[in-house]
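The chain below stands alone, shown as structure tokens; this is the form predicted alone.
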Amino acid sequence: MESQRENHSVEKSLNVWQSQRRQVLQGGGMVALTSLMSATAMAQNHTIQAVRNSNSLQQGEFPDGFLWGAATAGHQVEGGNINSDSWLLENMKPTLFDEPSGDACDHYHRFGEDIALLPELGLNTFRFSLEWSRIEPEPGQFSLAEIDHYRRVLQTCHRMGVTPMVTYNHFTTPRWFAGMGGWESPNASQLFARYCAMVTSQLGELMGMVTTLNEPNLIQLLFGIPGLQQTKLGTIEDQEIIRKAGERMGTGLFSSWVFGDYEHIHRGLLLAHRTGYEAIKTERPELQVGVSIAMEDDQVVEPGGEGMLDKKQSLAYVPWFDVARRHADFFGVQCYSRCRIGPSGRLPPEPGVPLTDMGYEFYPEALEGALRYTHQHLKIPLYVTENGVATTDDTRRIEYIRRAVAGVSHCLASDIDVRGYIHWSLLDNFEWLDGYRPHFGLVSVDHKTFHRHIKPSAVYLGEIARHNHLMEG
């Protein structure tokens, strides 16, 4: 019965939203669009002021203007991203990927339907990424048609009253970029800055806020200290696939994302963020620009683990805190679980604790720990740009959201400047090496018919957003 009431509420909200959308579209054009863009900008400014005054909030309350949203990434949902490095790797034999991305969720053609889900549920923010490999399929050749595609995505956000939070690079890069050495190349940062400048000049006025890179520290997070590693990366097979990819490119080189020399990739990404930030700011000085990194709630659980903790944090986090102090207007925290640390390095979860379908410990409280740690080192606005859980049991997702959002509320009560919570992910999508097996989405997708189905967890998060208050699960 409770589920039926929730579904009825969602259906009622959808009917109201559809009526409002028809009024906007029939009322036409640029006047309505300009009005909605202005409203979004006002909401952002209000958020900045409101969150600073969050010490007056009651327990479980969130300030007016707080951003509530869901996230996607281009390659994981769009489909047919054939010019990307990941498409090449997915379709090689042998491959480290369980399956290729293929058509993904066909979000490239169905973005209007997917963005409509956000206001339907009560969410006000859509975090998504641009696909560099679509926009610049060959060096220096920018596709105006693809830029126009993303213009339509942004315009759709504004028509629906949704703030677009745009990521310029979410892991995947053009094949040609990987074939010249990727982020290891001495020219990488200049090429990235050129791409950032072009995109910003064409689309910047439609963007709510942007991040240059998504989780550029992921390898340091995974491999910064020894211990349990649940990944296929760094194996002999991995190195052989990279070599074969270089042969396929005809350059003998291949490096991208997590495929290559980890230290050189990290160094290149740090420089790329700085040059990308400066390129964006040159085009649109008023645009809020940040970076989102991968984090865990690091906990020393055995005597003598402090040295390993310091090593991990100095490799995975501190370089990004340092660069953000001068080259970021805000900082994105992305956290899913905790890391238990002993003197020998990363430890597995304790026996018998609940795990997610990714093998992580089910530990929603990790988000609060990551936010508090970040606040200790960085005094700029924080956004939760990813947080979620891989599970086919949606009651577990509701519990995860409730406990994670409670942690955000605790941070606000401690006067930590958190301005938004963006859930990963909007859709059940392509999860890289693990293919379509893990389900992170608030919305399920039939990958044969592309039918979308709203889960109860989506309704639950939407109710929190509508009331700006933590709701019981």
Ligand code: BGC
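The model shown is predicted, which means the values in this text are computed figures rather than measured ones. Sequential numbering from 1, following the sequence displayed.
Only in words, not in the display: the form predicted in complex with beta-D-glucopyranose, which the text now covers.
If you check beta-D-glucopyranose in the predicted complex, you find no heavy atom from any of 217, 298 and 382 within 4.5 Å. Remark: of stretches 444-452, 426-434, 410-418, 58-66, the one touching beta-D-glucopyranose in the predicted complex is 426-434 (heavy atom within 4.5 Å). Proximity to beta-D-glucopyranose in the predicted complex, taken as a non-hydrogen atom within 4.5 angstroms, holds for one residue of 336, 128, 320, 183, which is 336. None of 172, 255, 76, 212 but one reaches within 4.5 angstroms of beta-D-glucopyranose in the predicted complex through a heavy atom, and that residue is 76.
Put simply, residue 358 is close to beta-D-glucopyranose in the predicted complex: some heavy atom of it is within 4.5 Å.
Mapping the unseen interface onto this chain, residue 136 falls outside it, with no heavy atom inside 4.5 Å of beta-D-glucopyranose in the predicted complex. Remark: residue 90 does not count among the residues lining beta-D-glucopyranose in the predicted complex, judged by a heavy atom distance of 4.5 Å or less. Interface residue remark: residue 368 is not counted as part of the site for beta-D-glucopyranose in the predicted complex, having no heavy atom within 4.5 Å. Of all the residues from 383-399, the single one having a non-hydrogen atom no more than 4.5 Å from beta-D-glucopyranose in the predicted complex is 386.
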